[in-house]
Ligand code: SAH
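What follows is a single chain, given as structure tokens, in the form predicted alone.
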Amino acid sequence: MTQNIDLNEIDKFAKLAAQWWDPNGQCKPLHIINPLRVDYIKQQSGDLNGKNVLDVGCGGGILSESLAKLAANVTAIDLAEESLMVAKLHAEQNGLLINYQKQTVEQHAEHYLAQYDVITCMEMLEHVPDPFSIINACAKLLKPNGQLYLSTINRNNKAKLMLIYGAEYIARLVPKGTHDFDRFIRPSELMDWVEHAHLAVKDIIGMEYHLLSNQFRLGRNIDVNYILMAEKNASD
């Protein structure tokens, strides 16, 4: 089976390893939006205590650790070895038990069918050759009634202006070349993939950037960054 990976993208994020946990470094945007992502997951999924959670494309473990702090049983996977080393060390230093593994979600799905109550795949789909393959594997890994959270970037001129010209070249919030406009994903495309994976779209919400306050907020504007929540049918 051909692996659904882009080695250039993996190398790009591996080079960020030393900066994952610097809230003022190149991963600053992730630290800013992370509380919003966690709040949204809690709103939609309720108490995560004792639930099996999978974080796909975990990077340095920013979201993984937040989910572990909610008493979830967290497994987190990524392909960038340097990032995983940072994630493991940081979790150990903070007394958190997280099962970090270096593998693709497709490989994980070969061994853990219907094992997870909640799966998160944040800021990753726009970095892989075949996003549907990721979603399909996540669907296989979900328990009946399990929930999948996908966050990505809308493909339109506003997103290009804000995230490529604005965030990369003007504000320099993230390194140049972080985003590839052609890989941005329209909500209609994402919803179509989710439905083809036999999941039901339950909610979609935007993460809006407010320039004056220099903050992100959850809202119904999905022009740029957005999160989709889908659920597996109880009979599947």
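Remember, it's a predicted structure, so these values are computed and weren't measured experimentally. In case it trips you up, residue 1 is the first one in the sequence shown, and so on.
One more form of this protein, predicted together with the ligand, exists but is not displayed; see below.
- Proximity of Ile62, Leu79 and Met124 to the ligand in the model of the complex is complete: all three residues have a non-hydrogen atom within 4.5 angstroms.
- Using a 4.5 Å cutoff between non-hydrogen atoms, Val128 counts as a contact of the ligand in the model of the complex.
- In the model of the complex, at least one heavy atom of Ile10 sits within 4.5 Å of the ligand.
- By the criterion of a heavy atom within 4.5 Å, Tyr226 is excluded from the residues contacting the ligand in the model of the complex.
- For the chain shown alone, Arg37 is a contact residue for the ligand in the model of the complex, at least one non-hydrogen atom being within 4.5 angstroms.
- Just one of Leu54, Leu199, Leu67, Cys58 comes within 4.5 Å of the ligand in the model of the complex, counting any heavy atom, and that one is Cys58.
- Of the candidates Ile204, Met191, Ile185, Leu30, Leu30 is the one whose heavy atoms come within 4.5 Å of the ligand in the model of the complex; the others do not.
- Per the 4.5 Å heavy atom criterion, the ligand in the model of the complex is contacted by stretch 79-87, the sole one of 152-160, 139-147, 79-87, 92-100.
- The partner is not shown here, but in the model of the complex the stretch 3-23 reaches within 4.5 angstroms of the ligand through a heavy atom at Asn4, Ile5, Ile10, Phe13, Trp20.
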